[in-house]
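We begin with a single chain expressed as structure tokens, specifically the form predicted alone.
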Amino acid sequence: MNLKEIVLDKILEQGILPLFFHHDKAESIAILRTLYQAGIRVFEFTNRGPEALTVFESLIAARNLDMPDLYLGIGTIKSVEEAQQFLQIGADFIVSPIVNPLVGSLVHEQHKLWIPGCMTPTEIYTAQQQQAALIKLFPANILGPTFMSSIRDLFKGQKFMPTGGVEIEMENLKAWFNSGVCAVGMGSKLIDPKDTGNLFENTKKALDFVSKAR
């Protein structure tokens, strides 16, 4: 399998894609290590600040040092220039809040996974035309599981992952998985960079809930 297929399989197996941004290298590495110790093997750092590139580079270095089976992706990528920067330093996959076909082409050329963000059937169709194996439904708290249920038959075989407002609650997770998604993205509901005291326990809980909610 190529890297694209490996990462996709890891996301599907894990059932959850944790994501966060922090401007501090040491704090970011500590959060990543906690997630790893709790069982996370694929993770998304978000491009939400000017420090993102250097922090991500430090995460790659930490991963290479003692977390070799962890796959690191970068999110909030909107332009080809952003994608190029992060791919050059070793991003395993690219996540976007939008559908930019040029970004998709660049990522595909490197045989890596591109996860575009969609909010409408037209955007989903556009992403499909660009061979998006996994599509992010964003923002999930606005769309809701009923949206996924409504469009599922229009896009049979397409894999979806809601992101934005997904809760660590069995009822919420069951609603999403019953609607037809294959994984969920989880940011601030799981990771609060200002308060990481319960991160290990919350990550274990999220993984357990996802396993039971499928």
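All of these numbers come straight from a predicted model, not from anything done at the bench. Each residue number is its position in the shown sequence, starting from 1.
We do not show the form predicted in complex with a small molecule, though everything after this point is about it.
> Ok, 186, 42, 32, 55: which has a heavy atom sitting within 4.5 Å of the small molecule in the predicted complex?
Replying inline: Going through each option in turn, the one that passes is 186.
> Do residue 46 and the small molecule share at least one heavy atom pair within 4.5 Å in the predicted complex?
Replying inline: Output for residue 46 is yes: heavy atoms within 4.5 Å of the small molecule.
> So in the predicted complex, does residue 75 come within 4.5 Å of the small molecule, heavy atom to heavy atom?
Replying inline: Output for residue 75 is yes: heavy atoms within 4.5 Å of the small molecule.
> With a 4.5 Å heavy atom cut-off, would you call residue 180 a contact of the small molecule in the predicted complex?
Replying inline: It does not: once the small molecule is placed as it appears in the predicted complex, residue 180 has no heavy atom within 4.5 Å of it.
> According to a 4.5 angstroms non-hydrogen atom cut-off, is residue 11 in contact with the small molecule in the predicted complex?
Replying inline: Residue-level check for residue 11: no, no contact with the small molecule.
> 132 to 140, 118 to 126, 85 to 93, 99 to 107: which one contacts the small molecule in the predicted complex at 4.5 Å, heavy atom to heavy atom?
Replying inline: Stretch with heavy atoms near the partner: 132 to 140.
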